[in-house]
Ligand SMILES: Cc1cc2nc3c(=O)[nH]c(=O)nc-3n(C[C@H](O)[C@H](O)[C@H](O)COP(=O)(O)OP(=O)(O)OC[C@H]3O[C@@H](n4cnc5c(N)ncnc54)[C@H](O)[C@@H]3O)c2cc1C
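Here's a solo chain for you in structure tokens, the form predicted alone.
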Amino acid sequence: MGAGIAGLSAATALAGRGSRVALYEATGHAGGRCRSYHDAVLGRTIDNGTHVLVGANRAAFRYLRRIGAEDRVMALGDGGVPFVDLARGERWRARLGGGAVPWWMLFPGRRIPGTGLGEHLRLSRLFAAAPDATVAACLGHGPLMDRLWRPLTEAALNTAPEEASARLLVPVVRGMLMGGADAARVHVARDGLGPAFIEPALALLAQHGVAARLGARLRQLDVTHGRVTGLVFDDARIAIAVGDAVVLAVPAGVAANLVPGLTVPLAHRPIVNVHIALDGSPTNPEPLVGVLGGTAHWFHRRGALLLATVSAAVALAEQSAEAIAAAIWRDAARALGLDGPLPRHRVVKERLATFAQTPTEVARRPAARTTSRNLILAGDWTATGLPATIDSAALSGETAAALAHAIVSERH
């Protein structure tokens, strides 16, 4: 149930194991919060947001290999991620990674400009963080917070460091800063999210005789003697046979309505994206640029289309689309060398982009197993141990597939 990344990950993993799979999606499209669609204002296909991978996102890359789409994402090179500080007028590259022990922190030339070794050594506090600790409480404030920890936390956890779970940032830091240069390397979808993550998965499922049934909104789970026995839709009821498994890969709020007594994260944080159809070429040709001291957090350019992303955009999401676009265009002019009037654009507010990844909400993430013997949960909001990202969604699907396969195998 659900054809987002988590559902597609589970479905493709199960189909690859030879299981008979049926896939249902409530909306009119697959992909969930990771998709591409045609925008009439811009006259072109756009992504619903910026979703980047790093080499340390192992589950996401396993998913791409499984659907035959690993070549549809491209690495941005080993020169590091360029940053622009609009308030200070400074530019630099963040070069992370280097090995299990981050010796690179000892060398001033490898550290973020303007930061000291003492700030880097605070990292030990993060690994010793209590369950209720926040990122800011562990790592403190200063240039390194402003230039590395805040951008990294907001990008990975979509939550400000002052309230973000310290423990949830640990796998991000361990993977990117201590996993070697390849683990820290940033990857983006070559031709968009749909062609990279969604269309190949649907094509693979079609080869296994699985067609996603779109517009099929699940209204109720029939449960008898601790087992799901039926799926109730608007127009039909589907019986669940003994030995069959149900993977519920739907948003947290939907799952809570379908499964009585299920504890899920309740609060959410928005992401604001602005798509701009460029008339000219930016003087900064980088495909991905981090921004400090402005409104935008990231600029991602693909051809003549520029996408600005602002994570943890609680206040910004309340502003008008016109005000948001104007502020973003001012940042683009200074960061990328663009000029002229604001071109055609589209502002997209994803108000429920991720759950608020605070210690309180992280503690509410449920495990994949449920009290119903044949009902399994999947989604980036489940207890994967990772932030709510594509990597978490893909991992949750793998976990759900393994559990579902075990249930089905018991029948034979």
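Because the structure is a prediction, the values reported are computed rather than measured. The first residue of the sequence shown is number 1, and the count goes up from there.
Keep in mind that the form predicted in complex with the named molecule is not shown, yet the notes after this line are about it.
In terms of contact with the named molecule in the predicted complex, the residue from 218, 138, 172, 144 that brings a heavy atom within 4.5 Å is 218. For the options 231, 336, 271, 276, the residue carrying a heavy atom within 4.5 angstroms of the named molecule in the predicted complex is 271. By the criterion of a heavy atom within 4.5 Å, residue 249 is counted among the residues contacting the named molecule in the predicted complex.
A residue is said to contact a partner when one of its heavy atoms sits within 4.5 Å of a partner heavy atom; residue 389 meets this definition for the named molecule in the predicted complex. Although the partner is absent from this view, residue 26 contacts the named molecule in the predicted complex, with a non-hydrogen atom inside 4.5 angstroms. Contact annotation: residue 370 falls outside 4.5 Å of the named molecule in the predicted complex, judged by heavy atom distances. Comparing 339-347, 44-52, 61-69, 359-367 against the named molecule in the predicted complex, the single stretch with non-hydrogen atoms within 4.5 angstroms of it is 44-52. In the predicted complex, 353, 354 are the residues of 351-365 with at least one heavy atom within 4.5 Å of the named molecule, listed from first to last.
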